[in-house]
Every structure is written in structure tokens, then in C-alpha cells.
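We begin with a single chain expressed as C-alpha cells, specifically the form predicted on its own.
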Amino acid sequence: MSIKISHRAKAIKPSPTLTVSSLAKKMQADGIDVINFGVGEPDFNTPDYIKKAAKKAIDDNFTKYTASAGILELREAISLKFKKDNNLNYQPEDIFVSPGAKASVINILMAVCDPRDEVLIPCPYWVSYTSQVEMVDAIPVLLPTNMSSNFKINAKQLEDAILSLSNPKALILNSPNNPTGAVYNKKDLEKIAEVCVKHNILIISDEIYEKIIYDNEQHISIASISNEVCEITVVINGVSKAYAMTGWRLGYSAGPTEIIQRASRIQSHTTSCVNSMTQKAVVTALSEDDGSIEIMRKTFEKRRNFLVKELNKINNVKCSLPKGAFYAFPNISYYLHNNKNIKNSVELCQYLLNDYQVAIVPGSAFGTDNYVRFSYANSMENIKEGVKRFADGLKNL
């Protein structure tokens, strides 16, 4: 006798980015020289001043359960961060912390979505958005973009989509964007916000790459456009990317009090709370600065400049210059029909991994098949060798 698996569980696909990274690590463990561009994780260590704060918390025996929403000291630090960095006035009761920004997103979706509600998602999108929407029995609605639109949606496209739907509930906006590195400017955001206010659409603004931004671009939180916009926006952020704290697992949400409190209540019945030592460490991360964050950002910028330049040297490959995050998203559509019968980005990435030992993520993982994603959270040595292998692989198709 066997227990029937739920339809929800059957519908969920494994994370393509983690799948690529796991396969690359297995090959490396088997002694194969694989260069891994798959995982979205800084290759730096967590700064020492943050690690010391966690060690102190352990020594002080700060090792018990905390409130589900997070310790007051941390929520106060996040409140100050929002005021300083984003010109946003959130009180501690408008904020809750989760084990990663990914958990923050799904807690908010659970708090606001009913079955058959529709959630609009610009495409390409971060791989978990569509799965998370489906997990709460809502429907993802994709808004396609491409290089000619700088991988950004516009207000007319958004409004046309809203008017075509039966139960539009929310828009998930990710700027700086994974996988494209696109950054929405203030004018872009003002027009998008106007449409969302007009149609009472919740904005879930994922700003996890906020501090990894280039070319004197400025990160603008859409919630800061006006009080009216702030009232329909939940801001998602965290410490994984900017502070090289992926394994520490802490993200946070801020928004309308009722939504935040309902989402925190949901979390109290799932993960309970973020581990106490991480919370103390993040108080220090947000309140102090030893210069590490800017050093990492400048290093990412140098790598970006080199990688994109080299990708654009390859015949029939086109790659726009990302303005934020640490990904390049080149168009490889020319190489999807070739003498090796490779028809899509998944097969192309399998070929490159098997024959050239370079791991990249297929564009189909992000909702568009004509691209692949490189993470340049990698050493310059690996980037140089990896892009050479990539070029050689394409040349032999």
C-alpha cells in the first residue's frame, strides 16, 4: 500500500539553480574540474564584525526561542535601516523577520492570496516566485520582457494585463532583478505604482539585491513613492546577498500592519522564528559597517565588466550590462538549433556541463528559453577560464 502524494507537491519542481549547483558540486567531488556559475551566492566570507556578534550571542546564552516576528531590537534596527536607506517610516510592529527572504515572500503570499487569485510576475523571474504562488493555490501571470525593454515591464503592459484578469491580487516586483540585473528607476516605479493604486493591486517588492548596484544607479524602493503607494506595498529584503550571509537564513518584510501581523501569525505555526544568534548578528550587520559591503560591491562590479565584455566578444551572443545583482543573462538563441540537435537552453547547459565542465543555469528556469544565466559571484580566475570554456563549447556547435 502507498500513500497518495498531493497534487500540490506533484506540481512543485525542484529549484533549477540549486539543481545545477548540486550537480556541479557532485562532479567536483568526483574529481572533475567544473567551473560553477550556477549558484546565486557571494563567494566572500561573512564579515568578521558580524560573526563576532553571533559568537557573543552564544557566549551570552542567547539561544532560546524568540517572538515569531523577531526580537524587538532587530525590528528596531530594521526600522532605522528603512529610514536611513529608503526614506520609509515603518514601526517595529510593521516588520517581521523570517528564515530567508524566500520565506518572507511565501508568508506574505499566504497572508493575502485566496485560491484562484492572480499574481502578476515580470518575466524573466526568480525561479521560486511561480512555484510559491502555485503553493498557495493562486495563479502566476507572466509579463514578458526582453533586452529591448531592458528586461523591465511598463505601466501600459501592466494595466492591460490587470484588465484581462478575473481576480488580480498582487504584483511581484524584483529590483535589482535576478536573473537580469535590471534596475527600475524612479520614473518607472512611479508609473507602475500609479496603475497598482488605481486597481488596488498589492505590490510585493523584493529588494534583496538593493546594495549590489553599479554605474552610480540609485536603488529606489517603490514604497517610498508616496504614502498611498506605501499602503499597498510589502517590501521584502534580507542579509543573504549584500552581507554574504546566505547560510544564516534571515530575511524581513515590512508593510501594512494587518498583512505583516497575519503573515507573522502564519510563520508562528511553521518555522516559529529565525534562530536567535542570527538575529543578534543581523542587529550588528545593520547597525555597524566595517567597509566590507562596499569592497564586495566593487569587486562584483569589476567582475561584471570583464564577464559582459567577454560574452559580447563571442559570435552571435548578446549580453546587456546588468545594473545590479551579480548575474549576466546573455541571449544564446542562435545556438539552440545546431548540428548536435540541441533545441533548448536546458540541453545547451547539459552539453556545456558534460563536455566543457562549465555549469550555468538555463534561461527556461527563469521563464525564457533564449538565455542562460551566469553568476559572477565567482573568482576572476574562474570567470576567465569559464567564459573561455563557454565560448569553446558554442564554437563547436
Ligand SMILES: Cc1ncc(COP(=O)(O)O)c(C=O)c1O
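Residue numbers here begin at 1 and follow the sequence given. In this text, all values refer to a predicted model and were calculated from it rather than measured experimentally.
FYI, the form predicted in complex with the named molecule isn't displayed, but the following is about it.
Look at 195-203, 74-82, 284-292, 125-133: in the predicted bound form, residues with non-hydrogen atoms within 4.5 angstroms of the named molecule sit in 125-133. With a 4.5 Å cutoff on heavy atoms, R304 does not count as touching the named molecule in the predicted bound form; it lies far away. Within 4.5 Å of any heavy atom of the named molecule in the predicted bound form lies no heavy atom of T180. In the predicted bound form, no heavy atom of Q279 sits within 4.5 Å of the named molecule.
At the 4.5 Å threshold, heavy atoms of N174 reach the named molecule in the predicted bound form. A heavy atom within 4.5 Å of the named molecule in the predicted bound form is found for one listed residue only; from K323, R249, K211, K152, this is R249. Checked against the named molecule in the predicted bound form, the candidates T299, Q157, S240, N275 yield a single residue with a heavy atom inside 4.5 Å, and that residue is S240. In sequence order, G100, A101, K102 are the residues of 86-103 having a heavy atom within 4.5 Å of the named molecule in the predicted bound form; the partner itself is omitted from this view.
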